[in-house]
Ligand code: PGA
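The chain that follows stands alone, in the form predicted on its own, written as structure tokens.
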């Protein structure tokens, strides 16, 4: 038997809700440090909770080699079990709070990176109105959002292009206008009513393949039979803006990623026929998922404030 390994016991005793929540966070994030940050505790506190849980179970649950964390067979089984159990317990806690007339609980949202520029402005008033609700916002690229969606890791998901191959529910809550950008001193910046065909031969700086913006742009150019010369692919909206301002090519981004006066960033919004492309931001969740009281509260909040959202986000 490995040194310091907890001895098997006849049964599990003294397993606490805190231990299970800590284990679920470590197993999901594959990191003691990130789990500690998410739970607003120190890393030694997380390590202690995991140690106590392993002692109560009587089997090792987590293996750590260097910085790499993996789950044992018992850990995988517990992770699957406690994920569903904690989700049910969270719904129970929120239902009790609802019956008491108090909105309390935790709201987990996974959102694509482009929403970084407006989601805080959406969440701020929501948190102010419901101070008993803690919001965990995970901002990642579209592939990671889809991965989290497929594994039902969060309450709600925010994206501009919902997937066609997953059984989901999606509801639009905010307009998403895609605009074509150029450096402020670009010759096209002084032109008006530019036909899309007039951009043929221009080099473009776009988001990476698979991003919602890129998928929409490629579809629009393909439908209008205009060639799209992608000179550079970048992984963030800010990088695209800097490349456009530096004269590396034209760009296409959501208007929500720009300041009120784009010229201050060294860029101009081109007046191109058919643009802006008017899309929407969507709230998405797996079909059949039982939304928590807190998630429903957030949906109601957005639906009753559509006009304010449009003004605030743009």
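Note that this is a predicted model, so its numbers are computed, not measured. Numbering follows the first chain given and starts at 1.
Although it is not shown, the form predicted together with the ligand is what the next lines describe.
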TODO: Have a look at 242, 141, 184, 72 for me and say which one sits with a heavy atom within 4.5 Å of the ligand in the predicted bound form.
DONE: 141
Task: Listed residue that, although the ligand is not shown, lies within 4.5 Å of it in the predicted bound form (heavy atoms), from 199, 159, 107, 205 - done: 159
Open item on the list: Based on heavy atom distances of 4.5 Å or less, which listed stretch (165-173, 112-120, 80-88, 222-230) is in contact with the ligand in the predicted bound form?
Closed with: 112-120
Open item on the list: How about residue 281 - does it come within 4.5 Å of the ligand in the predicted bound form, if we only consider non-hydrogen atoms?
Closed with: yes
